[in-house]
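Consider the single chain below, provided in structure tokens and representing the form predicted alone.
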Amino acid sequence: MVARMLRRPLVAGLAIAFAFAAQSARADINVGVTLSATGPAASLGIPEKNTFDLVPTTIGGQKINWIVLDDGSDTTKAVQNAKKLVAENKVDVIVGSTITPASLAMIDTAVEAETPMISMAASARIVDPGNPKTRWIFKTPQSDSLMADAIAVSMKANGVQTMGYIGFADAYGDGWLAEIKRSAQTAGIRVIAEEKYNRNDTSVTGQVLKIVAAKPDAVLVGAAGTPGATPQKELVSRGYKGRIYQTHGVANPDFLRVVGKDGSGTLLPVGPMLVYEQLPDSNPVKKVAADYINKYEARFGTRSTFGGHAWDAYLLLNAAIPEALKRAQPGSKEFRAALRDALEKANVVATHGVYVMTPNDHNGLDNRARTMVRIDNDKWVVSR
């Protein structure tokens, strides 16, 4: 009897030791990131890159290797990066890219590798539930559809009956044109002029002259980053007197710097983190946004909405990884599948809103993720 009693603590101790050894023997979790730190989208990608310098190197007690690559705002390079991360770095999840065309192009790589991907680009097409490939794809920015509705509501409230549109000649611009047409029709607003331009174009005089000649009550610029200033400055220089709207793709300090005084009075929807000080204390996002922005501004200076997209990707992984670890070991097909499943069930208060993911919604944001602001003296001011 005594011998049996002595063996019990010994057996229990060995079980604990073996469990500890198994935990210690786990492989690191590899998170592959591709973003646009250079090229036309650099003003978006740089704050994202900065943010990944702030994220913790452990989640749920497990070491995380953040492998960050620059795709130069180039779709082909983004796909090459994704393939490298999968084949060479054996990543458990991909985060990126910064822009819509690159993110859409990366989907096939993620799906073929059965690796979950969290995009930091806006288009609703990235997580279209009608596309079976998006089962593996998630994203953090507010969808263009959600923000287009906010713009249409604002236009309607400001008496806008006709509008013009000028946007990127790529998937981002095409997506925005489709969404604003839908939203405008619902609001009883007619789109009477449509124009496109390339991200690296230095002049849009021809397109703007056509829009001004149509005399719309308002113009929406469907662009992202500093290239969004090009048509805005041209509209002002050509004497356009109607209201000018931008998308949340320009919500960064570099746009304010480039557009200068020509941006005064511009209206746009943004994520609440950008103006968290102006939010009521009851807003669930305020505390999380303040925590992130205090960290970011202490090290890198002025906040950018795009850094928040990167931080929210981290927050989603911070919630999903501990759940996936209960089912499988990092570095395995089973772990990637478990991580995908955990992301699909995530309910996370983050900097841009509350993410409530479901099998049919891999963005998970609602109206709490948008706030209309006006540019006033180079500042973002909540539009009442």
Partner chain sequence: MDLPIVALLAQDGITNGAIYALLALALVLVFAVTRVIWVPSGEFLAYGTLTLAGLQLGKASGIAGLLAGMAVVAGAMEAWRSIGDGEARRLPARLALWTGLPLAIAAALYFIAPLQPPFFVQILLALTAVTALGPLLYRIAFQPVAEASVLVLLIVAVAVHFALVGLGLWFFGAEGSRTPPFTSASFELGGVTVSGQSVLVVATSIALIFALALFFNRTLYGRALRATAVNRVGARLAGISPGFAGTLTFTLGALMCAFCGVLIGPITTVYYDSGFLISLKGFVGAIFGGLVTYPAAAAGSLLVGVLESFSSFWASAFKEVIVFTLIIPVLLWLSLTTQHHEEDE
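In this text the structure is predicted, and so the values were computed from the model without any measurement. Numbering follows the first chain given and starts at 1.
Omitted here: the form predicted together with the partner chain. The next part is about that form.
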Subject >> 4.5 Å heavy atom contact with the partner chain in the predicted bound form for all of 107, 127 and 182 >> reply: no
Subject >> Option touching the partner chain, based on a heavy atom within 4.5 Å in the predicted bound form, out of 263, 269, 227, 216 >> reply: 227
**OP:** Name the single residue among 80, 207, 283, 154 that comes within 4.5 Å of the partner chain in the predicted bound form, judging by heavy atoms.
**Re:** 207
Subject >> Candidate stretches 136-144, 219-227, 112-120, 91-99, one within 4.5 Å of the partner chain in the predicted bound form by heavy atom >> reply: 219-227
Original post:
Do residue 198 and the partner chain come within 4.5 Å of each other in the predicted bound form, heavy atoms counted?
Top reply: yes
**OP:** Classify residue 171 as contacting or not contacting the partner chain in the predicted bound form by the rule of any non-hydrogen atom within 4.5 angstroms, answering yes or no.
**Re:** no
Original post:
Are any of the heavy atoms in residue 238 no more than 4.5 Å from a heavy atom of the partner chain in the predicted bound form?
Top reply: yes
**OP:** Find out whether any non-hydrogen atom of residue 252 is located within 4.5 angstroms of the partner chain in the predicted bound form, and reply yes or no.
**Re:** yes
Original post:
Of 66-86, which residues get within 4.5 Å of the partner chain in the predicted bound form if you count heavy atoms?
Top reply: none
